[in-house]
Ligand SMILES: O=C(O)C1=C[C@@H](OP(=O)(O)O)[C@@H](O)[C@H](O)C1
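First comes one chain, alone, set out as structure tokens in the form predicted alone.
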């Protein structure tokens, strides 16, 4: 299912796309577009702010376009700069009241389907939410259960707990006793349920006490990112203990101008290419301190055997981060010699979104790896664990799905072979396949343009990187 008003960034690219083979060690610099996670959080917080906000470095991709269109449907103005589409001025609706009796199209964007429905609490009428057919399988019930506890009414138009649905705002917001409203949700399948509720909670009279009831809590760095962004907008969110958040009622107002960091998770395929092809790959504007889960990437690549520097300083010193100011950013350089060490066991629970890139590197390593703490990836754009195992086996290596992750058993390079790789409408499965194609001849990727979800021109960037070699 598609939206006739949805922007189209697709350029003419072969389908399937022949993934280019690395023929020489790299010597490349790659500029990574802005963070999707930060971009869509800033857009939500700007819509909730009292005054207009100018956002610089906004990622322009399918997910951020879907977010801006969703906000426009709710009465928010998102004005692109005529000379720079990555600069957008967001003007909140009059008196902070969102437009109801409208429809929002979520596509396959988790941040849209989970961050926008809470805004309906402050709308003047019901809002219907729909999306791509594949989005109908993505879990939504914990978020909607949280909205019910805040007084909203939910009407399902298909399977209960999934898209499509309509949210009707409550007649009255706030508690009866003047104390924070207590909400209990199970966010085991996605941290976005917690983030979505936290982003809106500052506007709720008397505040909110949110408790996670599940046994596991994935992607805690994403929740910390949400907290930091809310507090930067004048909110007051604390986590007294793991899985429990207290949000005080506050008027939100982001600074008049904010700048989006590069998307560190989207840097993973490019930096990982240095290990697979050998040579150097540099990414400028890498923050020494960040709330992005992708900030954990250098330590993971180091475990594979890469040499890591930030502005020439060795990784071991970077890891302390005490030598850099909080707002310092520099050029991160990853150097590989073509050999890749097996990881043994690696817990990716804090950064599950980079698991496909880590899996690609592990498939080409000299020993086995187990990537654990990522059982929640079964509920992402596709069942990523099943998809990764299927595609790893497709090229001749061995993999097995575990309860909370995957086990990867590499084989000799001469036992690997080309194949037509499925992407399952999942951008990270497409970049996973491109990484394998650096070393395995004959890799072709179906629907590589699914990468425009977070990288507007992945194929162009990938080809340009490979053109920079020793």
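Computed from a prediction, not measured in an experiment: that's the story for all the values here. Residue numbers count along the first chain shown, from 1.
Just so it is clear, the following notes concern the form predicted together with this ligand, a form of the same protein that is not shown.
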Quiz item: Out of 357, 391, 369, 191, which one falls within 4.5 Å of this ligand in the model of the complex, going by heavy atoms?
Solution: 191
Self-check item: Heavy atom within 4.5 Å of this ligand in the model of the complex - the one residue of 304, 105, 270, 115 that qualifies
Solution: 115
Quiz prompt | in the model of the complex, segment of 37-45, 411-419, 441-449, 398-406 with a heavy atom within 4.5 Å of this ligand | solution = 37-45
Quiz item: Looking in the model of the complex, any heavy atom of residue 336 within 4.5 Å of this ligand?
Solution: no
Exercise. Indicate whether residue 111 is a 4.5 Å heavy atom neighbour of this ligand in the model of the complex.
Key: yes
Quiz item: Does at least one non-hydrogen atom of residue 131 fall within 4.5 angstroms of this ligand in the model of the complex?
Solution: no
Practice problem: With heavy atoms only and a cut-off of 4.5 Å, decide whether residue 363 touches this ligand in the model of the complex. | Solution: no
Quiz item: Across 212-237, which residues bring a heavy atom to within 4.5 Å of this ligand in the model of the complex?
Solution: 218, 219, 222
